[in-house]
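In structure tokens, the next block holds one chain alone, the form predicted on its own.
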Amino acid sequence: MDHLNTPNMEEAARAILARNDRGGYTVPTDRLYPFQWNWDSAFVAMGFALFDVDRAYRELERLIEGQWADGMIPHIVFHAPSDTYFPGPEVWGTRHAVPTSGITQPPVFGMALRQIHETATTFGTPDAEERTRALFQAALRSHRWWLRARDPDGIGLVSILHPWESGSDNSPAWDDALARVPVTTKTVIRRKDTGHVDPSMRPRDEDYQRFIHLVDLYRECGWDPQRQWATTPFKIADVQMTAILARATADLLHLAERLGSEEERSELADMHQVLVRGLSRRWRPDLSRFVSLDLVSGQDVEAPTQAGFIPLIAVMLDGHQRGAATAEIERWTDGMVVGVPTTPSWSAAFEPKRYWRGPVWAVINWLICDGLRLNGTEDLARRIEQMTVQAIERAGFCEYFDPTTGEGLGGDTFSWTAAAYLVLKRRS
């Protein structure tokens, strides 16, 4: 797919969303990811909102069919069986009416809900307020779960207990913490991903052994958040996750001004203040970015990854910080065919084709550009958006892209890349 004209690309993007529709929910791509993923669906819903508001609402409504009683929205909802993905519901053993995984993912849900509601209001969609109210309550329950289960000590940062929760599965940010996790598992590992995608583009077998060890551990905890918190060897107060939660909280607060009670508005305002304050303390002037905190070792996570820039979507930087962060992002993109790499080329951990160890992801650029705009850096945001759009137009709707060549990598006909194209093309 080389240099297709814009109308055809936009039609192709919509066609991919239609192709990956499984009855009100969207799979990321066929076979490689045959179920509904949490943050994928939120990004996809924002893409749908540009041309089909009803379908955008439906995406979020299908996702919360898997919401747990305690408020957690799982990272996978297994609406229909498939044998093309591991680990399936039998490995998770969560015993819910709708089978789900037992961990979560970045809560982009609230961000998507605000965008969908505002689009629906613009077009005068008849049942918009009723649908938004129901989804708002689901989102609020989820945010309460985050602070209760993943920041029990009230430090203003929420933690991930599994690399998969971050969305950045094999990021160099987790290398030190994962080294504490044994490679032994009680589950027989039957990887399916490397049958669909070149193994050089995927996490290594050793990574998967550690991933599944954690799944085994949490299953033995009965998926009880307090037991998991107490026993895990992997506990990272993650700035990317906290930033997305803070931004989504701000978006829920905006919706609450019209749709929520006074108590809910006050609760969300307090929640937002706590999260922004926690994030602000994670800025490191010597690195020109934010850093996560390993709660087991007590050490900063200094490995350079895209997570260090995601707080821009939630925190207003001062002039010096803004200049430093902008210059650092420019340094990461310098010499790249497409930026922003998830690990910079000068890092010893950089692998331009291996999943979250270097490749460019359209949705990460979407978030970074949102953050740059919030902080008044329009020109750089526009340049990154244009690079992203051009990469998709050259290589197609791939899962991710080699920053050094622009080559498309991973799965093809990818839903959130299609959604990102529709959104970023209009901005750039």
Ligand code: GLC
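Don't overthink the numbering: it's just position in the shown sequence, from 1. Here the structure is a predicted model, which is why all the values come from computation and not from measurement.
In what follows, reference is made to the form predicted in complex with alpha-D-glucopyranose (GLC), a form of this protein that is not presented.
Asks: Heavy atom within 4.5 Å of alpha-D-glucopyranose (GLC) in the predicted bound form: which of 371, 359, 47, 28 fits that? Just give me the one.
Replies: Looking at the other structure, the residue within range turns out to be 28.
Asks: Between the options 146, 355, 174, 109, which residue brings a heavy atom to within 4.5 Å of alpha-D-glucopyranose (GLC) in the predicted bound form?
Replies: Partner contact (heavy atom, 4.5 Å) among the options: 355.
Asks: Could you tell me if all three of 33, 37 and 169 have a heavy atom no more than 4.5 Å from alpha-D-glucopyranose (GLC) in the predicted bound form?
Replies: Every listed residue reaches alpha-D-glucopyranose (GLC) in the predicted bound form, so yes.
Asks: Counting only non-hydrogen atoms, choose the one of 38 to 46, 389 to 397, 56 to 64, 375 to 383 that falls within 4.5 Å of alpha-D-glucopyranose (GLC) in the predicted bound form.
Replies: Selected range: 38 to 46.
Asks: Does alpha-D-glucopyranose (GLC) get within 4.5 angstroms of any non-hydrogen atom of residue 306 in the predicted bound form?
Replies: Flag for residue 306 set to no.
Asks: If you check in the predicted bound form, is residue 105 within 4.5 Å of alpha-D-glucopyranose (GLC), heavy atoms only?
Replies: Within the cut-off, so yes.
Asks: Considering only 407 to 428, what residues come within 4.5 Å of alpha-D-glucopyranose (GLC) in the predicted bound form, judged by heavy atoms?
Replies: Contacting residues: 414, 416.
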